[in-house]
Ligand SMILES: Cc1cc2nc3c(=O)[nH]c(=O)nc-3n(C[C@H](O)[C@H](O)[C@H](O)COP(=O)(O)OP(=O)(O)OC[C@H]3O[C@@H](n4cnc5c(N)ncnc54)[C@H](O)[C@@H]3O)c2cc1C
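Form predicted on its own, single chain, as structure tokens, below.
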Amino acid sequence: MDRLFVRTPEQLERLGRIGELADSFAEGARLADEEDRFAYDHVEALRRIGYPAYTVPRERGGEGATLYEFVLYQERLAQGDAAIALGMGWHLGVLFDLDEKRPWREETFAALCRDVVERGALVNRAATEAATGSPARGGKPRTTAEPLPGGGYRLNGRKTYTTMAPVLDYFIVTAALEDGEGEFLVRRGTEGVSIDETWDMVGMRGTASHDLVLRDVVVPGEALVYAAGKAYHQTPNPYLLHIPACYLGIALAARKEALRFAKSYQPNSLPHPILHTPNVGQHFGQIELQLSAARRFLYAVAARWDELRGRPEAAGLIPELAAVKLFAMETALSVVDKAMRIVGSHGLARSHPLQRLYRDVRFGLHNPPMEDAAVAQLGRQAVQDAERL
């Protein structure tokens, strides 16, 4: 199933390279979950193949991956280590979004791309705060940016859900300004920047999404990379498709575990493994049907966005982008649940990979876009269609 959506020899070669790494990550992903640690070696392995630069534009020295290619590689990576895949997805998606919308000064974006290409630098947004909730719902940051008399700013605040915090080289920090909201590019190692290791969840433990703490962090004026009444990253972002790709990767991993178990498990009441029983066959049939529909939806929308990128017609795909995430999550949850039914109580053993996949997949419910917002958006589209009848 991994090669089903490959379109070019170059994609096949890259997917094979990523797939080899993903398969080698499985044991490290287990240990990161069990021992509550971060898989530094997985990140370094991805750096060695240049993965952090896959979505850097070609004119900036990167691979210039399309949205279609992005989700193709992310889905495969998530089959081995979903936590690292989700973290890398945020990094790669940020670069995609900056290239798409060009909100920063050209020289600032160029310098960031150069650092990503030359040394595998990693970046992520630090926008969420405990008091404001998800930025997607319009919460205003309480992190403050105080202008200094001699130029520059003093930042103070705390950000939650800073995914891959242990290895990020740059934090894109949102902060309140006098006349709106600002975005600051803050380097790791800046005085007053620290990581509070707060991440203690039942799933996606390996993302190390700790708190970023800013205490009297002084940055130069050019660190303010964007200022406006509304943050541009709150507008629709097609590259959030890395999220459904990740969770479908988890579902594909669960399918594989269920197949492996069903092929080998033969109770003494049967003359053959349970793989050949009608009930198990029904479960697998439903799994195949659900995965086929969800994956085709994901790749079709990604391919269509690539075709329309930069054209006004692309705006018509915005509700579809949200719908993909919704449908993919429903599918991933259902597939993992069916895999658990096939494996039975064996899958609940802490030593079995399925119990981790079962916990990890549920985190997709809390990644953007949120279900109620996506459904409301689809409803508005239907109403608009009705008014044109």
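One-based numbering along the sequence shown. Small disclaimer: the values here were computed from a predicted structure and weren't measured.
What follows is about the form predicted together with the named molecule, which we do not show.
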query	finding
Contact label in the predicted bound form: residue 368 to the named molecule, heavy atom within 4.5 Å	yes
Contact test in the predicted bound form: residue 90 vs the named molecule, heavy atoms, 4.5 Å	yes
Residue 204, heavy atom within 4.5 angstroms of the named molecule in the predicted bound form	yes
Partner contact for residue 125 in the predicted bound form: the named molecule, 4.5 angstroms, heavy atom	yes
Selected contact from 358, 68, 327, 363, since only one has a non-hydrogen atom within 4.5 angstroms of the named molecule in the predicted bound form	363
Contacting member of 316, 192, 133, 221, with respect to the named molecule in the predicted bound form [4.5 Å, heavy atom]	133
One stretch from 109-117, 180-188, 157-165, 96-104 that, in the predicted bound form, holds residues within 4.5 Å of the named molecule by heavy atom	157-165
Neighbours of the named molecule in the predicted bound form among 28-58 [non-hydrogen atom within 4.5 angstroms]	none
